[in-house]
Structures are given as structure tokens and as C-alpha cells.
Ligand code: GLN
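One chain comes next, on its own, written as C-alpha cells: the form predicted on its own.
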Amino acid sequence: MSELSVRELWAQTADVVGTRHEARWLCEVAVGATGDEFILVLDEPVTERMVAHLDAMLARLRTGEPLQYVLGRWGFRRLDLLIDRRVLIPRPETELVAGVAIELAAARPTTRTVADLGTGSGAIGLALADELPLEGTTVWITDVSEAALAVARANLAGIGRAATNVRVGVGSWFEALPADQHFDVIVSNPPYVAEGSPELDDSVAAWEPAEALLAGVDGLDDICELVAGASERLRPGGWLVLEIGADQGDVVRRLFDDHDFVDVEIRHDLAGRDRVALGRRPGEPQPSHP
């Protein structure tokens, strides 16, 4: 047993990583206590196992591995998601996308059926299930990657009663959905980075799954497929919501227009960049059934 306290371990870790909040996250994982529970154990001695666990995480950080993967979890809206290199790291920009989809789905008066295509960790779809009414909500989460869906299923187990409203589909985009099912909202954070793009951060390229990032020479391959196929899977009045690249707003707006979407918008992220594209299938919303 070491004479070092949890408080001292935290201070030493902050000296190494440079910030107290990142040091706390690492120490919480090493100690096995979070939030108020972590504060309560600050003056308790650490064990050799805790120190070894922390040392292993710091070694991974020194290789350049992103903090989120080292921690093995990351926050997304109200959720604490398990993540690893099988899925993208959830980002604040994607929280905005989820928020738009939640707002549109919540506007349905009685029941709502929504789909998160290419769910990865499950972030968007599970946020929908978590924040929409428990009664009358059905959420489909899909991915072509079985490895990603294994992560999503692990996260599904952590959302409580709302998990009963979630269905899981395996396959590429609309192929993963039941052929006879139509939706009030379809949302996706698809790959949208152009191959060879100088805008792709080196750390992202090195550590995060390329298949969830890259989409052809202009980054639009998957966005084009989603816009082209969505109308057939949306109910009249249903919405398509996509996360897009910061320089893709104009071309994506034209894609929505070319496929007869109405009320098309390109919304910005907190930095003022194009980030969310949404459009509605023409027609009045029809009664839906979960």
C-alpha cells in the first residue's frame, strides 16, 4: 500500500498532463470513483494497482493516443458513453446535430419513429432515446460495422428504461432498416472528409476509424447516398438531418433541393461553420405507429 493519497496523485498527474480537469478524469478511472465519490476518497491512500493503471494510461497518452480513448469513455449530452478505436470520438458539433433531431422528433404530437444511420458509438441515437418521451418513441440505430455496433450495444445497456425503445440494424445506410418501415426523422453523422484532405488533423487520421471519416475525393459520397435515398424512407413531412463538413453547406443545400426537400437549412456550429443540414419531405405529417 502506498502512502500517497488520491489528492496527491491527482496533483502529480496534473503536473504531467498540464491540466487539473484532465488529470482528474485520469485519476477517476485509475481509482474507480467518479463525481462526488471521487471527492470523498481524496485523502485515502492509493494502491499499487491504481498507480499501475494510471501509469499505463499516461504511457498511452505519450504515444499520442487521444485522451478519450485512453479514458475509455466520453460525455455526450446527458450520456456517458463507452468508446474505443472502433468508433469515432463524440464531439460537441455532433451534439448540435443530435439536438436538432431531438427537437424535430419531439414535435410529433403522439408517436415518433426515428433512425440514426451509421451510429458508431450510438451517440446520436441513444441521445434521442434518452431525451424523447418514453411512451410512443421508437429509435433505430444502425451501422455497417459489426465492431462499431458492439460498442453501441454496450452503451445501449447503460441508458436504462429507454433502451426498450431502441432497435439495432446491421448494414449500409437504408439497407439496415426494415423495408416496410418509414420514419419521422432520419439523422446521420456520415463520413464527410475528402480523401487526402489537409484539414484532417494528424491525430484523428492516426487513431480514429478511417471508414467513419473518409468519403471519396470530395467527401460527399455518403451524403449523396443519404440525401438520394431518404425521401423513400421518410413519412410525408418527415425530416432528414445530417452532420456536414465546414465547407459543404452550399453543395449539400443544392443536393437537398435537387431531391425535392423543402424547408432546407444549413445551420452553423458554435464556431460559425457549416455543420448541420436539414430538410423536410413535402407533405403533411401522417399518423405514425411505433
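In case it trips you up, residue 1 is the first one in the sequence shown, and so on. Since this is a predicted model, take the numbers as computed values, not measurements.
Below: the form predicted in complex with this ligand, not depicted.
In the predicted bound form, this ligand sits within 4.5 Å of a heavy atom belonging to R91. Shown alone here, V193 lies within 4.5 Å of this ligand in the predicted bound form, counting heavy atoms only. In the predicted bound form, none of the heavy atoms of V168 sits within 4.5 Å of a heavy atom of this ligand.
Taking the partner from the other structure, this ligand in the predicted bound form has a heavy atom within 4.5 Å of a heavy atom of L200.
Note on contacts: among A212, L79, V100, A162, the single residue with a heavy atom within 4.5 Å of this ligand in the predicted bound form is A212.
Site annotation in the predicted bound form: the residue of V204, L96, A150, L71 reaching within 4.5 Å of this ligand with a heavy atom is V204.
Heavy atoms within 4.5 Å of this ligand in the predicted bound form are found in one stretch of 177-185, 103-111, 132-140, 212-220, which is 212-220. Residues are counted as partner-facing when one of their heavy atoms sits within 4.5 Å of this ligand in the predicted bound form; in 222-244 only E243 qualifies.
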